[in-house]
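To begin, one chain is listed below as C-alpha cells, in the form predicted on its own.
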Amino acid sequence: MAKLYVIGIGGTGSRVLKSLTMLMAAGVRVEDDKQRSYEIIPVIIDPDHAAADLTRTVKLMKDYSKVYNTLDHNSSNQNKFFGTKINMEIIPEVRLPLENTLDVDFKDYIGLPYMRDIDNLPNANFALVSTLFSQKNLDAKMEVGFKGNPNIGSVVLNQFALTKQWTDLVASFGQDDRIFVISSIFGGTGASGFPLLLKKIRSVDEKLPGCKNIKDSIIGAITVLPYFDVKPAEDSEIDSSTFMSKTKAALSYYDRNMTEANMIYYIGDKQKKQYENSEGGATQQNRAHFIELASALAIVDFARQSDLETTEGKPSKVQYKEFGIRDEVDEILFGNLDNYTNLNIKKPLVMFTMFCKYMKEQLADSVGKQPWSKDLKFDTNFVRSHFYGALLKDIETAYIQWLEEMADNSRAFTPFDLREKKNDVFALIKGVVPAKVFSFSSNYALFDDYLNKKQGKINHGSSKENMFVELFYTAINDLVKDKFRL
C-alpha cells in the first residue's frame, strides 16, 4: 500500500489534519485514480508544544488509528467508516521536534551574545543580525511559535531536517509514496515552514536512505489564505490587520521562487469571524471552520491525480487549483456546494452523523432491549468497553463538536439540524424533506427496525467490535437510500 505523508505546519496544519480525520472516519477514502487506498502518515511541524489545536488533533488521530486497527478491512465487509489507515508507527508522536525553543529568546537561540571579537565588542555578524532582525524579533520567545514573524521561523525551522524523526521519515519513503503539505500564508510558522520544507525535500541529504525516492516524489500542497481575524490586544504581537499585506508579500515570493511542488491548492475567504487573540499554548483552540474541511478535500483530490511527474527533483509542471462554492451565502448547505464536492462528502457525512447521533441519543435506550442488541450480545459490558466507551464515544463527541463549531463560525457550514428531536429524527438535513417509508415504526424505532433486519446478515464470526460497526454501517446505508435517496 502506497503512503501519503500529510505534513501540517503550524496551527492551520493541525486543524486541517483534524478535518481530514473526520472525513475519513465518515468513510471518505483517500485513494488513487484506480481506487487503491493510501496509507496516511500524519506529520506536524509546530514549535508550540502545548497548542490545544495540536493536542486535540493528535488525540483524535490516535483514537482513529486504534479503531481502524481493531476493525476488519476485507472485501467481505461493507463498512466504509474508518476505512483509510492512519499509520502512527513511523512518527509515533506525530510531531517533528524543534529543539531548544522552550524558554529561549530568539537572540539566545542564534547565539547573538557570543557574536563578539577578541575585545568583547560586537563583531560583523552581530551587526548583520541586528540589521536583519528588529529588537522585538530578537527578544521574542519561541515556545508558542513565531507569532506572525516568518523571518524568525525560517531560521528556527531549518533544524527539523537534523532530527531522527526526519531521518526515519526519509528512510521509510517508498517509490510510489507522495507528500502533501498544509500551511497558512498569513502567520509565521506556516509562511516560513512551507517553502523551507519543500526545498529540504528536493535537496535532501544524499547520504540518507530513501533520499532518491523522496527527492523525486510527487508533492501537493495547500496554501491557506486569511480566513479569520483576531481581536486587537496591546500585549499581543499578532495583528490581523497585517494578514493581507503578509499574504501579498508571501504570494509574490512564491510566484518568483516556488517551483518544487507538482500541484498547489489555494483557499481563503473574505468573510471572516474574529477570534480571541491567543499567541499559542493551551488557549489557542480555534473553532473548526469550513475552510479547513475544504482544505482537507484538497488532499483527497490530490491523491486521485495521475498526470503528475517529477524528474531529478524537478516537477514537469506545476498545476494550480482553487476551491469554490456554488452560491455566495452566509450559511453553507449541501445544496450550495458543487456536485463534485457533494459526491465526495454528502453521503458519508450524513451516514456518520446519523451513527453519532444514534450513539449519543438512543443507544442507551436500545441496548439489551432490541433484538439486534440481544442476539449479538451488545450489552452494558460492550457499552463500557474501551472500544466503545473510550474510543467511539470520544470520536462521536469530537465529531459532533466539529460540526457544531463549523455551524457557529463565519462563513458557517451548517447542513445539519443537530438538535435532539426524537419525535422528528430524520429531519436532519437542512433543505431536505425525508421520504416516507412503508412501516408502522418511525424515528428511532424505525432505525432499530433497520438494525434488526441487518443483524442476521453480518458475519457473526468476526469480532464484536467489527460486527457493531458493520451492523450500523449497513443499516444506515439502507436508511439513507430510503429516507434521503442517497
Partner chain sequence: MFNTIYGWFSSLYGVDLDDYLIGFTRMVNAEGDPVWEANHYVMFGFIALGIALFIAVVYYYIINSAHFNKIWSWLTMLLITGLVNLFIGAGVIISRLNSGEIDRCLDEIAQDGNELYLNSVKTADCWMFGLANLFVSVAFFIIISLIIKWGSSSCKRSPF
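Numbering follows the first chain given and starts at 1. The structure displayed is predicted, hence computed values, not measured ones.
Below, we refer to the form predicted together with the partner chain, which is not included among the displayed structures.
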Does the 4.5 Å heavy atom contact test between D63 and the partner chain in the predicted complex come out positive? no
Check: Taking heavy atoms only, is D375 within 4.5 angstroms of the partner chain in the predicted complex?
Finding: yes
message = Please tell me whether any heavy atom belonging to D449 falls inside 4.5 Å of a heavy atom of the partner chain, as the geometry stands in the predicted complex.
response = yes
- is_contact(A427, the partner chain) in the predicted complex, heavy atom dist at most 4.5 Å: no
The listed residue (G210, P97, P371, P122) that reaches within 4.5 Å of the partner chain in the predicted complex by any heavy atom is P371
Exactly one of V437, V432, A52, A445 comes within 4.5 Å of the partner chain in the predicted complex through a heavy atom, and that residue is A445
Partner contact check in the predicted complex: of 55 to 63, 450 to 458, 29 to 37, 414 to 422, the stretch with a heavy atom within 4.5 Å of the partner chain is 450 to 458
